[in-house]
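The chain that follows stands alone, in the form predicted alone, written as structure tokens.
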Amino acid sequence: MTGNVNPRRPLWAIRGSLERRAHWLIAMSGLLSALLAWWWVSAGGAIDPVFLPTPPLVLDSAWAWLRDGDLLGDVAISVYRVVAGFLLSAVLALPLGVLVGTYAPVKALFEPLTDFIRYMPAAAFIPLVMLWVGIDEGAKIAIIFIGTFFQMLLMIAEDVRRVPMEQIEAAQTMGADRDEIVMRVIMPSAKPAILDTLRVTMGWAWTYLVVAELVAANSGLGFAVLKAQRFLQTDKIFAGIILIGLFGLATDQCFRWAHRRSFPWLYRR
């Protein structure tokens, strides 16, 4: 009964897949290898802890931040700023991206301008944002919005353009009008790629956090990192950077989980 045999896929198969256990073992090995290399280099004594603190020093700094500082408050306000800037970008970029990817006149109107603005560094907008928005929470959210919106718009438009033309032509043959094609053909086909784009741009929102908290902030993870820099508190700088990375990784995994739950057929082998 050779037809029922299900041979194991080679580990190094092109675009192959891994069992969940093997995936997590390899992933944890990569993370632990980086941690051990950092520990070995920093604990050897060849590098001053001011330049490269050991993992225990960073852990102690994070604990002191939690115990004596306002770590929970810094986390809460930073999460609020990132999520608010990201949601504002998504609310505007989703419909515009679909229109840019679907209709040539909209593409001609918006794409050159978007291509032009997206190469401008978000930090360069800080003086203008302070003039236009002020120095309250709106300014921090605006910087994160500027850093994510234009990239998100172009990526969503590209996701929509990747919908096979054969699907659109088949719908036209069956008498579908433009609105029906957009809502019942293009959107369902592009949804998996669009959700992946949102996952990637959410990561960019976290990377712009420190830049956003340059604007007259007095709280937040990015602000704490910048404040620690002034006093050469490298252990706290490492703690802040690692916390930002952990929260970014957590949101990334949430998007991956949502992708698997929303489109399970993409993960079937």
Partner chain sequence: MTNPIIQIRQLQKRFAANGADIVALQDADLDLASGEFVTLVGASGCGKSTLLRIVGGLEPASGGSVNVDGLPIAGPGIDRAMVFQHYSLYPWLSVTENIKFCRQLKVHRDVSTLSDVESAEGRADALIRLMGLSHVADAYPNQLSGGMQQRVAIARALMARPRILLMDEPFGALDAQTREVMHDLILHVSILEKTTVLFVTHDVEEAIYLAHRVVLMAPRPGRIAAVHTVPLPDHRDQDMKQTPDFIALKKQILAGIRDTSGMQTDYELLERLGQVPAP
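Positions refer to the first chain, counted from 1. None of these values were measured; they are calculated from a predicted model.
A second form of this protein, the form predicted together with its partner chain, is not displayed here; the remarks below concern that form.
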| query | Is every one of Tyr119, Glu137 and Ala212 within 4.5 Å of its partner chain in the predicted bound form, counting heavy atoms? | reply | no
| Of the residues Leu92, Ala193, Val79, Ala171, which one places a heavy atom within 4.5 Å of its partner chain in the predicted bound form? | Ala171
| Tell me, which of Pro105, Pro112, Pro127, Pro164 has a heavy atom within 4.5 angstroms of its partner chain in the predicted bound form? | Pro164
| message | Please determine whether Leu88 contacts its partner chain in the predicted bound form, using a 4.5 Å cut-off between heavy atoms. | response | no
| Interface membership of Gly73, its partner chain in the predicted bound form, 4.5 Å heavy atom rule | no
| said: So, Ser189 and its partner chain: in the predicted bound form, are they within 4.5 Å at any heavy atom pair? | reply: yes
| said: Please determine whether Glu180 contacts its partner chain in the predicted bound form, using a 4.5 Å cut-off between heavy atoms. | reply: yes
| said: Partner absent here, but in the predicted bound form, which of 127-135, 141-149, 181-189, 79-87 has residues with a heavy atom within 4.5 Å of its partner chain? | reply: 181-189
